[in-house]
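Next up: a single chain in structure tokens, the form predicted on its own.
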């Protein structure tokens, strides 16, 4: 049977811990990056075409590049090159993950396109081969494929999957505009210039909280070493964090490199209360409720 199109659903992420080491000679930073996939999704559909093209719809779709710099296009090209075929597909991204928001939306699209193309072309690539291509695409892309929870080391691409013993409820406040991840890391380096930056290590208390599903323990353990840099570049984010905390969030932090802010809450009712307060505050553009953990990239239509 000829496959005419494949649609893959792929989740956003929040970093429940982002421990950042000093800058390496290659410009990257060693990380202890504890990823948690959350139930906000992009859907990536691929179908045969005369050449590689991309379209995108959804919130802030106009900010998504539609050329070969898009990770979805690069995923198709890398996979095709490994198998000696032409990357002649049309890629459509139905975007629901905030753009440039620190939730790995671009990485999700790369992982989604990779799995979709592998399925469309009937390649049957192993998980290891797909993860290898993901690591070439970017530090967050392997986790977008895997989902659930994982510890990322190196620059974040080397994953150890983690056990999660329950479900967690989150609210995400979407800011106006994006933040450049390289700019946030550069600001991290500036703020830490002349200081001794410790080697990044995953928090045993945080890993135990995930394993047991203890939301209060997780709230006590979440951390993000990039948060001071994100707040330095975007000071109004502090107001958003304060609103969420004042509305009853158990923990409030910048998601990854920002500018999306993340609020861990006790349950669904608390999530709606925090989201309502954030929407009314005028400190963010939107507030989204999502559960975790979420499954990684998976085909939902073939």
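Residue numbers count along the first chain shown, from 1. Owing to the predicted nature of the structure, the values given are computational and were not obtained by experimental measurement.
One more form of this protein should be noted, the form predicted in complex with cytidine-5'-monophosphate, which is absent from this view; the next part is about it.
- For the chain shown alone, residue 31 is a contact residue for cytidine-5'-monophosphate in the predicted bound form, at least one non-hydrogen atom being within 4.5 angstroms.
- Interface residue remark: residue 203 is not counted as part of the site for cytidine-5'-monophosphate in the predicted bound form, having no heavy atom within 4.5 Å.
- Interface residue remark: residue 138 is counted as part of the site for cytidine-5'-monophosphate in the predicted bound form, having a heavy atom within 4.5 Å.
- Using a 4.5 Å cutoff between non-hydrogen atoms, residue 59 does not count as a contact of cytidine-5'-monophosphate in the predicted bound form.
- Of the candidates 27, 65, 248, 236, 27 is the one whose heavy atoms come within 4.5 Å of cytidine-5'-monophosphate in the predicted bound form; the others do not.
- With the partner omitted here, the residue from 198, 165, 182, 177 that has a non-hydrogen atom within 4.5 angstroms of cytidine-5'-monophosphate in the predicted bound form is 182.
- This chain is displayed without cytidine-5'-monophosphate, yet in the predicted bound form the stretch 182-190 from 117-125, 182-190, 77-85, 91-99 comes within 4.5 Å of it by heavy atoms.
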